[in-house]
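Below sits a lone chain in C-alpha cells, taken as the form predicted on its own.
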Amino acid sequence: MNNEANATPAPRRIGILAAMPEELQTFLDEMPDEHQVELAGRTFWVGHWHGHVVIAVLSGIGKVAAAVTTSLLINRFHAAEIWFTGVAGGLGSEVRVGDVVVADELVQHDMDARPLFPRYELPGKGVSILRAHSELSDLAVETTQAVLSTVSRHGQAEAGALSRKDLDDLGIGLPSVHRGLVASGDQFIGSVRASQAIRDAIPATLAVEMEGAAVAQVCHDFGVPFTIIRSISDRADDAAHVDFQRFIRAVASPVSHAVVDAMLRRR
C-alpha cells in the first residue's frame, strides 16, 4: 500500500493580519487551542480554525510595521497565504461608509523616488502596482457579498453580530462590496485636501489606508498569495461620519469575522 498516497493532507497554514484589536479578538474566539508566540515585539497566536492552521496577529500601523509582521508570518510561521482585514478611508465616488473594498491592485501613494524612478514605481522592481491573488480576491468578494446579503434579508450577518439596527443607528445604509485599487502610505488621510490629491494623482483609487501595499510587496517578493479586505469607516476627509469605536465594534469587526469564517469554510 502506498502510505504516502493515502496520507492526510497537511492543514493549510494561513496568516491572518488584523488591523484592530477588536478584530483580532473575534478571530481568537474561534481558536480554542491557540497558543501565543512572542517575536519582534509582536504576539502571534497559532491555532486551528475550520481545519486550517491559522496564525493571527495585529499588523502594526504603517508600512514598515506591516511589512515586518508579514515577513515573520511567511518566514517564521510558514504561512502559505496572507489575509489582511481592517478599515480604510473611502475615495471612490461610489464607495460609502460601511461598504467593503477588496483590493485587486495596490499602490504606495507616497512612493516617489524621482528622478531615479517614475513616481510610484517600486525601485528595482519596474512596477508601481501590485496585483492581489485573483483566486483569493474572487473568494473574498463572493464571500463578502454573501455575508452582506444576509444582513439585507434577515437583519443580521452570518456570524450573528452585524445587525440592521446597528447600521440604522450609525446612519449607514446596506453595505456594498467593491473591487479595485487600494492606495497605501505612511500618512493618515483625514482631510479633503489630502484625499483629493490622491484622487487627482491616482483616479482609480477606491480606498486609502496605511499598510496593504507593503503587505502586497512582501508577499510579491516571496511568491505568497494574499488578499486585502477593508471596511470603509470614513470618507478620508474632515468629516467625522460615524462613531469610530462603535463602528469597529458593531460593523467592521463582525464583518471581518463573518467573512474570514466563511472563507475558511470554503478554502
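Since the structure is predicted, the reported quantities are computational estimates derived from the model, not experimental observations. Numbers follow the displayed sequence, beginning with 1.
Heads up, the form predicted in complex with a small molecule isn't pictured, but that's what we're talking about next.
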With the partner left out here, if you bring back the small molecule in the model of the complex, are G89, F188 and S233 all within 4.5 Å of it by some heavy atom? yes
Select from the listed residues I55, M210, A67, L206 the one whose heavy atoms reach within 4.5 Å of the small molecule in the model of the complex. M210
Among 96 to 104, 163 to 171, 125 to 133, 180 to 188, which stretch has residues whose heavy atoms lie within 4.5 Å of the small molecule in the model of the complex? 180 to 188
